[in-house]
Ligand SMILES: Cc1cc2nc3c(=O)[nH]c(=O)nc-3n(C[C@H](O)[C@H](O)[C@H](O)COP(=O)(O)O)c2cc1C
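Heads up, the chain below is alone and in the form predicted on its own; it's given as structure tokens.
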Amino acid sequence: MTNITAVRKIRLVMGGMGFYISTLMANMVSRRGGLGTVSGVAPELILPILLGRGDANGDCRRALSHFPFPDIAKMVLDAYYIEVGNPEGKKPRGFPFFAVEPSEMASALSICGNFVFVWLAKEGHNNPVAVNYLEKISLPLPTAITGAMLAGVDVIIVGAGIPNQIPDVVSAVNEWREVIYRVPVIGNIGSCTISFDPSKFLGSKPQNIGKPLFFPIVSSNLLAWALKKKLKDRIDGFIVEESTAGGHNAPPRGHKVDSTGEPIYDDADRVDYAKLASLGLPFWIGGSKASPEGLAYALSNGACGIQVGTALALCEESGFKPSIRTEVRRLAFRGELSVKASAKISPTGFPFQVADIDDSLSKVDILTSVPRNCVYGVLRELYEKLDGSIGYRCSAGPIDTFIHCGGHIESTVGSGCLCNGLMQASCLSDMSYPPIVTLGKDAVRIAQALMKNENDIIHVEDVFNYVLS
């Protein structure tokens, strides 16, 4: 297992992006000396999708052949693998939604999905690999982290919330005992406890399971200080995401928005890097830092390096749908790509950076006209029913259902289905649903720095050569 001394030398940490966007590139980023990062968003959905399409290159089946509990791997393969062309006429099986008490298949898919993509990211080299989770998507975390640790993940990165329970999960899995995790519930009870016992679900502890490093994502000195105080020596470093980074951002301290609904950040939202450095932990800075100047800025402020997302997302090797990737690069090179943060579109309640692309959920008329169907259920929130039991709802789902489940109609205004939209933006989906594309605010600068013309392409190697020059 990689130690922090080795990771401190890494200058480029890859952002964990979207549904499968970063996962395909994690191996090649780590091979080049960066920290390749697997996206921890819904591997339990992505694995069965790939298996159902025949696993054309055999990657998923090759990884599963190394899974230390073959009975579980066989259960997943028997349920979801369909040979290319489907000669047996096998009917695709649906995806189980995660719940407080998940089904056996939901747990198996979460463990195996995380194992497969971390294993593939580590295949063929000895450099460290990370996985990035959202604390807001809390129900799968115990099984997800179990799967990643079984594959030997070196670093666990967690954002979109306050991830102060993650070290407990890591320790419990490392010691092969029951994982206990509290998840938020809207209502008087406030929260509930979920649990997962790897010894009961999987069997005896494998000999080689290690203990990965833990890097929470922070955007303020206050959160970094609070986590360090609470968790003491159980934090190994920080990823700092400034407000221009793609994906989800922390809301501004003043919770103000401009006339277009974009959050307003000011001096109160800026990190004091001298104070952060005084905590004595390594950190990397993300948010419009993918350049030689951005790296120099980070190093001069005490950071070990930078987090890079957008520049890598624009690469040919990313998991974006090729047509979307080409169009985004073209618009960015022309200087015609606008990226704005929306305070409402994400059901998580966090601001979300949205690229303005034709025929996508960035257009108000499209956002308000698409069917509000919950297909994947990744961002559902838990709420307390009148009888005291726990229910599940999403502000981007059917409005009548959301209101019937105790939600307020105001929460549905401007909310969009990120699950459907992000899946459609990836190379995974063939649904007739509009995509949503998230990038950082420096997409135009990156495209113009790395492309010679609007039809040019970018490779991972180009990003490394540029940033580290």
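Note that residue numbering follows the sequence shown and begins at 1. Small disclaimer: the values here were computed from a predicted structure and weren't measured.
Only in words, not in the display: the form predicted together with the named molecule, which the text now covers.
Heavy atoms of residue 147 never reach within 4.5 Å of the named molecule in the predicted complex, leaving it off the interface. At the 4.5 Å threshold, heavy atoms of residue 17 reach the named molecule in the predicted complex. Using a 4.5 angstroms limit between non-hydrogen atoms, residue 420 is distant from the named molecule in the predicted complex. In the predicted complex, residue 287 approaches the named molecule with a heavy atom inside 4.5 Å. Contact with the named molecule in the predicted complex, defined as any heavy atom within 4.5 Å, is confined among 406-414, 436-444, 26-34, 65-73 to 436-444. Across the proposed site, 246, 307 and 320 without exception bring a heavy atom within 4.5 Å of the named molecule in the predicted complex.
This chain appears without its partner; in the predicted complex, the one residue of 328, 155, 276, 217 with a heavy atom within 4.5 Å of the named molecule is 217.
Note on contacts: among 354, 108, 378, 134, the single residue with a heavy atom within 4.5 Å of the named molecule in the predicted complex is 134.
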